[in-house]
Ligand code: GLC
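One chain follows as structure tokens, the form predicted on its own.
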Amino acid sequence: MKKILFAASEGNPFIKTGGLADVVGALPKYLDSKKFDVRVILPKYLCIQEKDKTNMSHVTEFYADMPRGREYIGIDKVKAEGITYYFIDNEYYFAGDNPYNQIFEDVNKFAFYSRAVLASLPHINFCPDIIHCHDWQAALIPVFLKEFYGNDPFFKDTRTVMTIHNQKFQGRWRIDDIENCRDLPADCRYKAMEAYKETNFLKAGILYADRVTTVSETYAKEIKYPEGGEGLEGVMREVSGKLSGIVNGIDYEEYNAMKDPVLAAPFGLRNIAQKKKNKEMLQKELGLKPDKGVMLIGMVSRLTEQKGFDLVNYVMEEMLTTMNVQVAVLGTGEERFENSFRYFQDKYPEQLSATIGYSEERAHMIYGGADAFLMPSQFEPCGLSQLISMRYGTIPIVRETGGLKDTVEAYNEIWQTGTGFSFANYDAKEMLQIIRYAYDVFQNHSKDWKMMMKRCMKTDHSWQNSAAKYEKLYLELAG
């Protein structure tokens, strides 16, 4: 049995700020427990809910020599859904009311976390065959493993996988100001870790890891070029021999229209007409005008330029005044987009609802009640929202980038194939054109729309498929 350790800065159900937590919380459950002993190690943030901390048991504590002196490391653990979770405890680094604070605090925090993960493993008597590191916060684990533990018999068979969930976030800071990296060799600090005269955690992890993955096949190609590489495109081309893309999945138990307690009417392929009741409930909940004939478009997202909201902002007035559509928005982000949605909500209260904030319950209501789901991202490493929307028969309208291109098949009216609508260029008029096309199909070809809803619901984007690819990767690497 191969031993796998997931190392990440967040993971469901304990701490979540985004899609990373969903992956870390879901993927381990879908790996074959007969072949893999999978465990997860996270920071023990002060902001983790007390009910979760109460369930943890103390494993051990010790001190380790680090550049700032002897550092305290406590280890707690808990079992959730069959998976053992370990937590690195140190109040100096993990205090605060959220997992991420100022950048300077974060680079030192996660450099400590990476060192503490490796220092902890002999104390908990768990020697992983694979340490699966997620994003820049865990990217120094492959670096410290090779630089500090290269001759340690305990780690002689340990290999590393580095997964990039979003290459835009790299862990960059002034080279000499990261205390917990000062004892690394100069060749590492000023070469492998350096990019554009700054320390770059992600670059270091990419170079030192045994294998590198991204969260979709298309994104693995896009990051090799300036448009998607975020300054690291040359590094990605250099490591292309160990780079691959594996698309994320979603938890089919959490997102199940037949069992979702939030929905007014559970539904499936056999009673898909029941979805209309959820649309009615959503309109009522959001204060939108009750209208069975309107095309209700949902958006659950961070309100940022990356997610395409400058395009949405540009066409919203025309969309609301020239088509019988309603829009339901849920999310937080850049102030300009939050204010824009507040403006449109005030101007068109029966057509647009903007919930500035986040509610898991309301998110499920939008996925379950909307007719279409708009996701016009500038770039999208994988994306989970389009997968969730398809699970609920809510047809995605997306830009052809990253995981959106890999998971949404464009509608073909001749052959009656496809699971959504897509446009290629990052252009507001092109997006509006494809929204009009979707609107025409919805209004004038209801039979074809219903068939597409069913194709969406039949498409398998569960974690089983993705987990099988990770299992193959682990076995290739660990032997």
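Just count from 1 along the sequence shown to find any residue number. Just so it is clear, the structure is predicted and the values come from calculations on it, not from any experiment.
The discussion below concerns the form predicted in complex with the named molecule, not included here.
For Arg302, a non-hydrogen atom is located within 4.5 Å of the named molecule in the model of the complex, even though that partner is not displayed. The shortest heavy atom separation between Asn166 and the named molecule in the model of the complex is within 4.5 Å. The closest non-hydrogen atom of Met295 lies beyond 4.5 Å of the named molecule in the model of the complex. Contact annotation for Gln326: none of its heavy atoms lies within 4.5 Å of the named molecule in the model of the complex. Across the options 116-124, 314-322, 381-389, 285-293, residues that bring heavy atoms within 4.5 Å of the named molecule in the model of the complex belong to 381-389. Of the listed positions (Gln306, Ser340, Asn108, Gln274), a single one reaches within 4.5 angstroms of the named molecule by any non-hydrogen atom in the model of the complex, namely Gln306. Here is the short version: of Met162, Val215, Val398, Ala370, the single residue with a heavy atom within 4.5 Å of the named molecule in the model of the complex is Val215. Contact annotation for 1-29: residues with any non-hydrogen atom within 4.5 angstroms of the named molecule in the model of the complex are Gly19, Leu20, Val23, listed in sequence order.
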